[in-house]
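Just one chain follows, in the form predicted alone, and it is written as structure tokens.
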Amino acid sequence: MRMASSSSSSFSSASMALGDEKPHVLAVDDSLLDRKLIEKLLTNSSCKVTTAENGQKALELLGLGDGQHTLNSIASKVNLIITDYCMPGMTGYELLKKIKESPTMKDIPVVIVSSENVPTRIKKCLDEGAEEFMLKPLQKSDVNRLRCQLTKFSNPHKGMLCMGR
């Protein structure tokens, strides 16, 4: 089983008003190789992808940088955020906390990924509001499950084709 754990919260239908549009995912990872892999997997799964090399850049893209307002950001268009846990400057956990503290961003599902399977770290992220905690390297099946979740909450009838959750 690839997923380390999942939270009991569900994707917010308010942030999932996709219709027939491609879901927009913000992928945050300090490793260029991992960013490219995630981007390729998501693009191949019919997602639009924006990437950021660190937590601070992600916050700027979301309009949550110092002195920023969300008006000219991608925030209103992002349906899911995938972030690495271990990054210099700001960890994925710290990014998650900032997103969940924001009144405008708190409903966007955040998935934490890590190459380290540390139960206390996983629990801490899920308790703080992460949708899921997945182990690297991400695979097509992981992305398919996330894509299926996005589809299920944006269009419940299409989601019936998803197996499992």
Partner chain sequence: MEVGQMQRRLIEYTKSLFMEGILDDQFLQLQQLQDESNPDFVVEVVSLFFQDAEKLLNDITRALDLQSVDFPKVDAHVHQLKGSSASVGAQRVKNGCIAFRNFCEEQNVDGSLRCLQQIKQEYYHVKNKLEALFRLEQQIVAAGGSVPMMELSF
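Positions refer to the first chain, counted from 1. Everything numeric in this text was worked out from a predicted model, so none of it was measured.
Below, we refer to the form predicted in complex with its partner chain, which is not included among the displayed structures.
Taking non-hydrogen atoms only, Gly129 never approaches its partner chain to within 4.5 angstroms in the predicted bound form. By the criterion of a heavy atom within 4.5 Å, Gln139 is counted among the residues contacting its partner chain in the predicted bound form.
Taking non-hydrogen atoms only, Leu32 approaches its partner chain to within 4.5 angstroms in the predicted bound form. For Glu116, a non-hydrogen atom is located within 4.5 Å of its partner chain in the predicted bound form, even though that partner is not displayed. Using a 4.5 angstroms heavy atom cutoff to its partner chain in the predicted bound form, all of Lys36, Leu41 and Cys86 count as contacting.
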